[in-house]
Structures are given as C-alpha cells and as structure tokens.
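We begin with a single chain expressed as structure tokens, specifically the form predicted on its own.
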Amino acid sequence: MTDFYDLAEKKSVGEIRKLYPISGDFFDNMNLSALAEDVPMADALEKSDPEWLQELGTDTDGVLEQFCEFMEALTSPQEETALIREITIVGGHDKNGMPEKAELTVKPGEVISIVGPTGSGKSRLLGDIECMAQGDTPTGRRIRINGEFPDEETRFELEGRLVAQLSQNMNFVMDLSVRDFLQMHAKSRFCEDPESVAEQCYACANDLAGEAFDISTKVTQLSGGQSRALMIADTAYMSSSPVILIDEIENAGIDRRQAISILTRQDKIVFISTHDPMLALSASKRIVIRNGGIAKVMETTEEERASLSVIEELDDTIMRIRSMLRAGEQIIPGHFAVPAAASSDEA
C-alpha cells in the first residue's frame, strides 16, 4: 500500500494531483487550492499562512493526517465488495407499524424490480439498502451482507463501496468534456488503460442515449437522458460497487432494456424502482410496496414472461410515435403497427 505520508514529503502538490486525480477533491474540499504546486506538499503546508490553517480548524500535521486518511480510504484494495455473495432484506414495518412479513435474498446477476404507487415508499427501500439499514431507519428494516448483519465498523468500511445509486435527477457541475470526465474517473479508479475504458464507456453511453453526442461535448451540455446514459455506462464498466440502485430509469429517455442488460452482464445486483411494466416483468422478482411497507415479494412467472413480447411491441410502437413527434412528423393511423393482441376487443 502507498505510504501517503512519504508521498507528501517527496512529491509536489502538482505531481500528487497528476498521480492521483481524486486528490483534487481533498484539496478543493479543504480550500487548499492556494498551496504552491511545485514544491513537496509537506513543505507547501509549512510555508502556508498559520492563520489560514487555523481558520480551517487544524494545523500542518492535521492536514497531512486527513490527507493520508482520505487517500487510503479511496485507494485501499476493495476486496470486501468483490466478495459480496448475497444481500438479504429483512422486513421491518409499514407506516402504520404493521410488520413486513418478508425476507428476500438476492445474488449477483439478479434484477429485482420495486413497484407501487407514487409515494408508497419505493425510494425509502432503496435508501435502506444504500445505508445498509440495521433497524435505524423509519422502516425498521435490516440488511444482511453474506448472511450476517454488519456491525458499525463494517458499515463504515463498506460505505460508498457497496452501492452505486443512479437517481432520477443528475446534474454535472464540472465543465469538462465527456472524454476528460471519463478519463478522470478511470484514473481515479485505477483502471489499467484509462483511455480505452473511457472510449468503451462513451460508446456504450451513445448506444443507450436517445440522441448521440460527441466525446468532446461538455458534460454540462448533456441532456438529462444523455447524462443518465453516461453514468450507467460509467457504473457498468468502472464502478466496483456490486449493488446498483436505479430510481425510475423509464424517465431518462434511454434504451432501458439495454441498460439493464449491460449492468447485469457485469455480475451486479440490480434493484430498480419502476412504474414500467416491461422493466418490472423483466426482473426475476418484484417487490410490491404499499403504505411504506413490503406488501409482497413475487416471482415473475413464465406466463408473465410470455406476455413481455406483446408489451415490448407496444413499447416499440410508443417509441416510434415518439420519434415521429421529435422529427416533426404527423401522427397518422396506419403509419405504425399496433400489436394484434393489444388491439383486440379482449385487450
């Protein structure tokens, strides 16, 4: 493991930034952007204004200690996440205090959909999984990792490593190109070939996005769908987190079937909150949420899987109509096909 104290003694701030791009977050968060870039970090801190450090509530030794802790936490081997064999949701209670009679174990490669009315508590379940709840959230749920309830130390060690979450709203604040953004992520995650991984992510994102974008485009100029496509590709090919939480991917304007397929090919556990029947039935199981609680856990049946072909045809029809609208075309009956099963009197 890298000795970051030794690194701070020998390497300049500029060299550290180049070797470890993620270190820039530390310097920015600590308001240390004014440090001299061309001298060893320890020397730069020694020569800095003592009153400035006092305003930060620390001293030179304190900054160095925090720097080393920050870097060790982000660059230490992540063997724990590689060894996630399963996670288990142990039921708590709904908004009225009624117990959830549910216990669900999920393994890598599985997709679990979460369905229920708006406001029923789907996002709360995602939040419980993200924080590895141990009866300390409003639902009282508990999460087991590899068959055991993690203690506080384990929860702290795994924080930020176990779960990658893709929320409904994503906004970039850094004015970087897509290429620079992806390469920065690849370097900070110590990918062997950052340029190649960045290109792979870019190609994947363009396949997912409703409208293609150039790799030189600024990330702040991407649409909501393009941003979501980029982060799904980033999560699939760069993130080591074994659990992916997705909140209503159907609102992103991307190829959601392909997105789920890409994530599951990486042997990740995927939980997806959705109102989309196609996504819900594509999962191996679905969790039904009512009144803040898990009402039931259902296995997707063969009959339901068989109905997916009709649902997919309907979805393709809607997508064609959407494309026609975007292209400024008129929507005229006969210009698109409606599945026979859906257009019958019985349907």
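Counting begins at 1, following the sequence as shown. Predicted model only: the values in this text are computed from it and were never measured.
There is another form of the same protein, the form predicted together with a small molecule; it is not shown, and what comes next is about it.
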Partner-free chain; cross-checking the small molecule in the predicted complex, the single residue of 135, 119, 147, 109 with a heavy atom within 4.5 Å is 119
The one option of 257, 161, 155, 93 with any heavy atom within 4.5 Å of the small molecule in the predicted complex is 93
| query | Using heavy atoms and a 4.5 Å limit, would one call residue 139 a contact residue for the small molecule in the predicted complex? | reply | yes
So in the predicted complex, is the small molecule close enough to residue 189 to count as touching (4.5 Å, heavy atoms)? no
Query raised in the report: Can residue 179 be called a contact residue for the small molecule in the predicted complex at 4.5 Å between heavy atoms?
Result: no
Going by a heavy atom distance of 4.5 Å, is residue 218 a contact of the small molecule in the predicted complex?
no
TL;DR on 202-210, 231-239, 93-101, 179-187: the one with heavy atoms within 4.5 Å of the small molecule in the predicted complex is 93-101
